[in-house]
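One protein chain, two forms: both are listed below as structure tokens, the first as structure 1 and the second as structure 2.
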Structure 1
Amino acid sequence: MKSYRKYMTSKIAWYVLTFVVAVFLNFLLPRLIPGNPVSTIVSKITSGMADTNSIKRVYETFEKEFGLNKPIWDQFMIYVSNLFHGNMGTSFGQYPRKVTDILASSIVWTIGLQLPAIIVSWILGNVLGVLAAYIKKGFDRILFPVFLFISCIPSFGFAIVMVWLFAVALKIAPASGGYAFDMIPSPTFSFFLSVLQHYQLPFWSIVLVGIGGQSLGMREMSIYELNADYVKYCRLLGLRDSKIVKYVFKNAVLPQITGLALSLGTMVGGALITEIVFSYPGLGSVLFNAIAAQDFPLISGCTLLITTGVLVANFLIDIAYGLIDPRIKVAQRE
């Protein structure tokens, strides 16, 4: 137990240090983008105004409101202080909305898209990998190469192909958005049906790209397990193939579970490009619009949310492996 405590203390220290560096970079990097966001906002508000003094007062008001009239170090200290209170600031581009409110509304769409897509691609990929390793025939010679080829296509490229094929050419699915543009979000059947129709293309573009990588890992692990001594012994005992496949699947799926945990941890930022291509109202579209508008607080909020998700996922995996992995236990005793 003492060795495990030492192991976890060092891990926590590294994660805390990583988080601190991430917070600093999330604050600094957006501010290195060329341009002045306050000038953009003021130019829209004062369009048509001729009084220079009035325009200057409006500019100074917004600069003070956003804290951009202070030195960069003071801005960082205010940013960190606000984070401790759960305040990520006010959006420049969607003023006066709070960043936390924008992220709360968009992350629901991202998780609703990513979570089912990751789980479905993980299940289908693992099943295909086992079938390709054990049955072979059409699974290994046709389906496996097809999905492996699809997984090599960049996600944004495959998303564009899906839009062209199903939305433009066949016209069987909407090309963009999370729901029909003439609808207001409401708990009605028509709104739910619209959401489901717009959900299909981004969902299947993520699933189909993810199947290839999952099936490749599962196929290799299944081939390794099929050559193990216990499989030969089971065959000598006359066990049914379905029973042997069950044993092989249980042993081969362990590394895949680690990959699933990492995918779930990165699902907040895992489909940003896909969301942008489909104009899906998730975190990807929010981040893209924030970068275009030089919205520093919103950019920092998005990247901090993604970073936190990755760190938490890796930390939970380290805890699990520290408890169950015998290799770590042996290393701790040495």
Structure 2
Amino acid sequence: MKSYRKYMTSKIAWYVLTFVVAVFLNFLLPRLIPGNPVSTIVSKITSGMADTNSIKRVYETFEKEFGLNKPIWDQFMIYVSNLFHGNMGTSFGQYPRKVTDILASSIVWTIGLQLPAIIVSWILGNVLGVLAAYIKKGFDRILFPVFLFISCIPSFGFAIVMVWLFAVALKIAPASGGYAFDMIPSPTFSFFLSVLQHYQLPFWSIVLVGIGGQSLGMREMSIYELNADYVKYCRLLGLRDSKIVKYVFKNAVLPQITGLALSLGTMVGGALITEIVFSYPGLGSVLFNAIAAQDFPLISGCTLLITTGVLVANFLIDIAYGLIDPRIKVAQRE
């Protein structure tokens, strides 16, 4: 257990360092933009306002929120201390809403859409992968290129085609939004039904693209396992094929957990764009609108939230690996 504690401490130290770098990049990069974002936004907001005093007040409010009147190092310290208080500033585009409020209301949709989609595609992909590796020959010859091709279609491209096919041409499911536009979120059955209807297309477009990538990895791992000695031994013993496939699956799936972590990391990026195609009320749409409105506090908030999510996912996987994988246990003792 001592070695596990040591493993954990070094992991935690690494993640803290990575987080600090991420926060710094998040702070610095949007501030490298030439020009003064505050005056652009203030002039947009105050257009039509004649009272110079109130214009000045709006400007000062923004300058204070953004802390632009101080040197960059002080700004960074203020930004960090605000973060500790759970304050990410005020949105420019949706003034006077707080960035944290906007993020809190959209993250629910994103997680609700992506977590089940990623898990379903992970399970389906791994089962298909091990089958493709086991059945081989004709099955594999057709399935491998199909998996590969599907995994090459960008998920948002797939999403556009799905909207056109199922919403516009076949009229099976609604095309956009998280619920019918004439509804107000409430715990009623009709609202729930509407959410479910709008869930269909984005969900399947993420699942179908994800299956390709997961099954490819699983197929490769399984082929590797199928060549292992224990499989030959099982065959000699005359074990049933279904049993052998079960063993192979068990052994090949452990490295696939890394695949799950990776897809949690990369799919957040990839599937955010899917949300834009469906105008789904999640983080992707918020980020998209923030970029269009040059709403820098909101952009920083989105990217920091996504980064934190990926860091936490990776960290959890590391902990799990330290507990499960005997190879890492051995490495800890060295």
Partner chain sequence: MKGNFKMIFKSGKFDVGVAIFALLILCIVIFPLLNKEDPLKMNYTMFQPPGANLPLGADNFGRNELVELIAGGKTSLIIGILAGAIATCIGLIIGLSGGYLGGLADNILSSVTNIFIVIPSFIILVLISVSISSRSFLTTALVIGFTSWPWTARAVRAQTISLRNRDHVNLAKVSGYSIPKIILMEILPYIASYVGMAFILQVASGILSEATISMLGLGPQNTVTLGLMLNWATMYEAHMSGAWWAFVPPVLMIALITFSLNLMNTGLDQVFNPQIRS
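It should be emphasised that the depicted structure is a prediction, and the values quoted were computed from it without experimental measurement. Residue 1 is the first residue of structure 1, and the numbers go on in sequence order from there. Just so we're on the same page, rigid core means the largest C-alpha set that superposes within 1.5 Å between forms.
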Of these two forms of the chain, identify the one that is the form predicted in complex with its partner chain. 2
If we fit on the core, is the Cα of Phe288 displaced 2 Å or more between structures 1 and 2? no
Core-aligned, is the CA shift for Leu165 between structures 1 and 2 2 angstroms or more? no
Using a superposition on the rigid core, decide whether the Cα position of Ile78 changes by 2 angstroms or more between structures 1 and 2. yes
Rigid core superposed, I'd like the Cα shift of Asn314 between structures 1 and 2 in Å. 2.9
Taking the rigid core as the frame, how far in Å does the Cα of Trp14 move between structures 1 and 2? 4.7
